[in-house]
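Single chain ahead, written as structure tokens, the form predicted on its own.
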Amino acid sequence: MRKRQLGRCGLEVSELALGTWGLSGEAYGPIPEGEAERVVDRAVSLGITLFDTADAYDRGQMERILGKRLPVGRTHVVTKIGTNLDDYPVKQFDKQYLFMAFERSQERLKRDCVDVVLLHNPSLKTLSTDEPFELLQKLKDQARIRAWGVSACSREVAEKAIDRGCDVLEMAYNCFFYRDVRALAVRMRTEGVGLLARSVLSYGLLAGHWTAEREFYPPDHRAERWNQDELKRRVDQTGALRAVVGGQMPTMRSVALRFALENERVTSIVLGPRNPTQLDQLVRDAGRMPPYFPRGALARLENELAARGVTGD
């Protein structure tokens, strides 16, 4: 498993990270008992050293699993705080709440120093206040966290996070959605900001297994993500990936994963398998080392995307 530097914070982490939202049972529906633990254990055995979670995932249960299963010293954890589930889901970023949330996460993760803490999808208005950053910097000064940052839902939020001095950004980045990350590439390099790329398969769309008639049902979050016309258009556009499949990229899934890894600004791509078999497939398709694309294949892919109306935003 190759490793990359996570920006300026001094951490060297695997370029593949294990995300735990799908393992919580909340994103795509329930998973069998014990499956989350099996996936985490398999990730460790494969050499994955970075694990992405949040205090809101199954009300902290994913943090508890990581706290029990991960070997301290050989693995690193990114967690996200700022979603208050006590009464109903609401974003909350005042200093008092964030400190309480952090202490709960730290206890569940069983770490004296949490590697990375991110604000969980804050608004632009939230980033204009000082409280969250005063707390995060204080925790960093006390060596209770190694680095802090923002899980950003837009380019504007990410830009403001960089202005605020973040160490790490987590942003969506894939073949269909790439303009925001590319627009910030120079700033991230100049400021030494590490980037975690999420949604690299666009919630399964870029794996290439869907037809335009695919249907989703609650609690699967994809039931509300696309209407039928939008889904049909997106499925048609995945033909761009199919056009470059071949050789070291045997599947559309491998094209999508390698598209994200090819970007030198990306430190790690966050994978979302729901069982060990899916994890093995993802690791295999991601490849072991660069070049991730054969000569000319990336340009051909981007031409194919443009021809199908993909604008990257």
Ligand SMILES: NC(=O)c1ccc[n+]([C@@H]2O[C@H](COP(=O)([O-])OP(=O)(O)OC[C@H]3O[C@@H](n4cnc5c(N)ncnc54)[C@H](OP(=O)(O)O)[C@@H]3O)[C@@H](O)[C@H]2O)c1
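Treat the numbers as computed from the prediction; the structure is a model and nothing was measured. Don't overthink the numbering: it's just position in the shown sequence, from 1.
Below, we turn to the form predicted together with the named molecule, even though it does not appear here.
J.: Please pick, from 39, 249, 266, 271, the one residue with any non-hydrogen atom lying within 4.5 angstroms of the named molecule in the predicted complex.
T.: Partner contact (heavy atom, 4.5 Å) among the options: 271.
J.: Of 203, 177, 97, 133, which one comes within 4.5 Å of the named molecule in the predicted complex, counting heavy atoms only?
T.: Of 203, 177, 97, 133, the residue with a heavy atom within 4.5 Å of the named molecule in the predicted complex is 203.
J.: Okay, which stretch from 278-286, 63-71, 39-47, 240-248 lines the named molecule in the predicted complex, with non-hydrogen atoms inside 4.5 Å?
T.: Only one stretch passes the 4.5 Å heavy-atom test: 278-286.
J.: May I ask whether 151, 214 and 222 each come within 4.5 Å of the named molecule in the predicted complex, counting any non-hydrogen atom?
T.: So, yes: the whole triplet contacts the named molecule.
J.: Within 4.5 Å, heavy atoms only: does residue 21 come near the named molecule in the predicted complex?
T.: Within the cut-off, so yes.
J.: Please run the contact check for residue 84 against the named molecule in the predicted complex: heavy atoms, 4.5 angstroms, yes or no?
T.: No, residue 84 stays farther than 4.5 Å from the named molecule in the predicted complex.
J.: Heavy atoms within 4.5 Å of the named molecule in the predicted complex: does residue 166 have any?
T.: No - in the predicted complex, heavy atoms of residue 166 and the named molecule never come within 4.5 Å of each other.
J.: With the partner left out here, check for me: in the predicted complex, does some heavy atom of residue 121 sit within 4.5 Å of the named molecule?
T.: Contact with the named molecule, yes.
J.: Could you run down 22-54 and flag each residue that has a heavy atom within 4.5 Å of the named molecule in the predicted complex?
T.: Those in contact are 22, 28, 52.
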